[in-house]
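To begin, one chain is listed below as structure tokens, in the form predicted alone.
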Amino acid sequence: MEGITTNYNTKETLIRLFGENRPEELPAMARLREQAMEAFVQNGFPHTKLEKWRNTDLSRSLNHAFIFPLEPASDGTEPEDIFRCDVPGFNTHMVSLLNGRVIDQGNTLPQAAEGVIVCSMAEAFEKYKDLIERHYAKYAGFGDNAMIALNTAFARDGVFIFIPDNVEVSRIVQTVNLIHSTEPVFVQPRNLVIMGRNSSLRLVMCDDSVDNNVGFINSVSEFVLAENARLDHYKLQNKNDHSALINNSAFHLEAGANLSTSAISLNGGLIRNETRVLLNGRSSHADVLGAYLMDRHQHIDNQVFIDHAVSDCTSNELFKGILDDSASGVFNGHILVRKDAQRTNAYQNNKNILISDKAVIDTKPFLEIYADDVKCSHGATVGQLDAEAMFYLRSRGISASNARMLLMYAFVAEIVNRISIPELRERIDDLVKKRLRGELSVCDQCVLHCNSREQKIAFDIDMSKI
């Protein structure tokens, strides 16, 4: 792989790398990269002395001699050589990224004739400069976020999606972000999704590993939803235990826009999902959901900030997690209701089950309210499996291990059942069952891969009892 070897926990090396490898682009983009690099140099990599990073330590994940891929893979690798997504009936328009660069599969979205654009960011920088200048780096601010600043300074590629006004994209768009390298690799994919008025899109974004080698992904995605746009968004994560994934997502909603976003984290050495939602138009709504299943020494960190900037907006936030062995987790939810955001409805909840006495979760739901005509609530729970429910299952001849698995499945199913795409919901349901049985690993190769020939698990239990 063409690239530069460097230890990424030194700012001096990154400064040199930035100066020696500047792409040819618009002056405005060049200035933006310089500003982002200045912000990163000023702040440096996040550390545990920062309040937002107090419980997530990046030092071990950064302590490698990484390869920085400067060009797309030139070894003739094809997506189908390393990736399978065998989900019956799940017909998507797939865009694959290998080591941070889009692999051109030559397929075009059927609705391209209606003005729908799905391409690489590298192509968008060349062909759609007006859209890039209008929207790029306008929603994911890097002033106080060093990882977004680093991405903005170094990003070369990612996925660009544009939906014109009054267009409903009928086909599901799926992006698959793969890391495949014999050497530690550090990638910075950048995604931008622009949705016009009265448009709609279903988007599935997968982060996956195809081996157990070290990888560090610092991903930034920006989404802008114009008036009455509808986005159904899923983030699916199944990384190996040697990988780190920092995922920043910024959603900007105008009047009447409707967002549903779900993060399903099944595996990963270190995962941090930072989600920012700005409700900037009246009657906009956001559902922000998440489920995470962590074990061994895995670490998950979910940071959610929902900004109610105007009146008559609603949001619903629900995250549920199961942690086993020596796994650790963080949840930090922050809802801001501004002074003029009257008639706001905002709900926030985080529920966790700790299977072992070594598992740890730090949860902090938080409301910041400056309006007086609001309905807001927040809560957090941390506990073990319910003893009465265990007794109910055991009294019906179910073994202790199966009873534990059933209770955990019922706990997570509340999130899985909200997936609106039937084929995806069925496959994620199967994956959750496999994960709880300890059978899901990176060897499955695809976060959506599920062998349809396997016998399905049937739970003939009155779930209302548990």
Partner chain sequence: MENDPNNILDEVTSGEYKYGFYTDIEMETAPKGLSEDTIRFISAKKNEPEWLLEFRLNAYRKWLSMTEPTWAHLHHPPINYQDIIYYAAPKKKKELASLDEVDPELIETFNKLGISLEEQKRLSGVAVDAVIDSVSVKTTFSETLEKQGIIFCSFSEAVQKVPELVKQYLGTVVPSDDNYFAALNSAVFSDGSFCYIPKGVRCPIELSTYFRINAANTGQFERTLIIGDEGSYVSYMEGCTAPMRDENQLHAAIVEIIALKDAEVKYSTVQNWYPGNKKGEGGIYNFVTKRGICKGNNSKISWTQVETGSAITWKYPSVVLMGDNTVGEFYSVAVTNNYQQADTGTKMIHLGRNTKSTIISKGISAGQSNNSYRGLVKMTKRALNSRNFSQCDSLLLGDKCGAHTFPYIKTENQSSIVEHEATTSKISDDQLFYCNQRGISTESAIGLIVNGYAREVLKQLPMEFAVEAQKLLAISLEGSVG
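Residue numbers count along the first chain shown, from 1. Because the structure is predicted, anything quoted here is derived from the model rather than measured.
There is another form of the same protein, the form predicted in complex with its partner chain; it is not shown, and what comes next is about it.
The single contact residue among 309, 369, 94, 255, judged by any heavy atom lying within 4.5 Å of its partner chain in the predicted complex, is 369. Residue-level contacts in the predicted complex: of 356, 280, 198, 283, one residue has a heavy atom within 4.5 Å of its partner chain, and it is 356.
Heavy atoms within 4.5 Å of its partner chain in the predicted complex belong, among the stretches 221-229, 244-252, 358-366, 131-139, to residues of 358-366. Proximity of residue 342 to its partner chain in the predicted complex falls within the 4.5 Å heavy atom cutoff. In the predicted complex, none of the heavy atoms of residue 425 sits within 4.5 Å of a heavy atom of its partner chain. Contact check for residue 117: no non-hydrogen atom falls within 4.5 Å of its partner chain in the predicted complex. Residue contact check for residue 375: one or more of its heavy atoms lie within 4.5 Å of its partner chain in the predicted complex. In the predicted complex, the residues of 50-66 lying within 4.5 Å of its partner chain by at least one heavy atom are, in order, 51, 54, 55.
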